[in-house]
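First comes one chain, alone, set out as structure tokens in the form predicted on its own.
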Amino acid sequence: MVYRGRFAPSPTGPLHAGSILTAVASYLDAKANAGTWLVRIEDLDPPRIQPGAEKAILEALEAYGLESDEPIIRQSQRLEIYQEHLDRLIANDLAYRCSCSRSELKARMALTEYDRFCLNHPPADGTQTGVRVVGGASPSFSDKVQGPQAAETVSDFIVLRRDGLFAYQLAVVVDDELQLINSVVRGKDLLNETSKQIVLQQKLSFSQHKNYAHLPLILAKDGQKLSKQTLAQPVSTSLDHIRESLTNTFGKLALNPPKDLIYNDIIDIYRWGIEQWKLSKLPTDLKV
């Protein structure tokens, strides 16, 4: 199997130390396996997109020497593709329109297991609805960092929001399939989403032979995930900072870089990282 991986940032702000760790780890894993590494811009949620964020992200990746091996795709340009797959799900009775709000679902589930109210009582025509996929059994799988993950039953989940925007779950599953992604290296915060994505792969008759590796998160001193929401600082693109950032990132990825690695060219720094790369060495979580 020829390795194909990806880094898929959302343009909701510039790259920070946590996103650079994910980008670098996914790149090292691809190159250590003689694979292809792609960049995909996940810009499905216009209200959250920050003006200029995509440009800043791509410029930072270029400065870090992280170049996509194939043309970059943007989810905002693929809405017709997602609609085609959504229509398939609905036509095959694998998804249904749902008008329930989060509060309504929460109230119902507090009393009993969700009873698929909108599946059994379809909303009236003209009602603002989203679309839910009928859940199901997700098999166990072994994550290359987090270890064995038990099989679970996945409840029905949203693939089209009530505001008409496609949900992350549908877009990421469709894009990974069409881009032939077979190795997913991403943050541990997305580990709980994997079972839903496997169920959706099953519903769409997609390939389910993917390797998953959910990376340790960089945590702030208060224990929160380092993110744009916690005001994580954007990375600098000066050459000296990039060298320092890469060697620090290698340290967080348990590669134990030598002190003098920081003085090397970026290409040589990556070459060293690729030679030393081992997913099995990674810890669970990190501190800044």
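Just so we're clear, the structure is a prediction, and the values are computed from it rather than from any experiment. Residues carry their position along the shown sequence, with the first being 1.
We do not show the form predicted together with ligand GLU, though everything after this point is about it.
- [ ] Answer for Val172 alone: is it within 4.5 Å of ligand GLU in the predicted complex, judged on heavy atom distances?
- [x] So Val172 counts as contacting ligand GLU.
Task: 4.5 Å heavy atom contact, Glu42 and ligand GLU in the predicted complex - done: Heavy-atom contact with ligand GLU at 4.5 Å: present for Glu42.
Task: Contact of Ile81 with ligand GLU in the predicted complex (heavy atom, 4.5 Å) - done: Output for Ile81 is no: heavy atoms all beyond 4.5 Å of ligand GLU.
Task: 4.5 angstroms heavy atom contact with ligand GLU in the predicted complex for Gly18 - done: Output for Gly18 is no: heavy atoms all beyond 4.5 Å of ligand GLU.
- [ ] Just one of 97 to 105, 138 to 146, 186 to 194, 200 to 208 has residues with a heavy atom within 4.5 Å of ligand GLU in the predicted complex, so point it out.
- [x] Going through the listed ranges, the match is 186 to 194.
TODO: Give, in sequence order, every residue of 1 to 28 that has a heavy atom within 4.5 Å of ligand GLU in the predicted complex, or say none if there are no such residues.
DONE: The stretch 1 to 28, when checked against ligand GLU in the predicted complex, contributes Arg6, Ala8, Pro9, Ser10 at the 4.5 Å heavy-atom cut-off.
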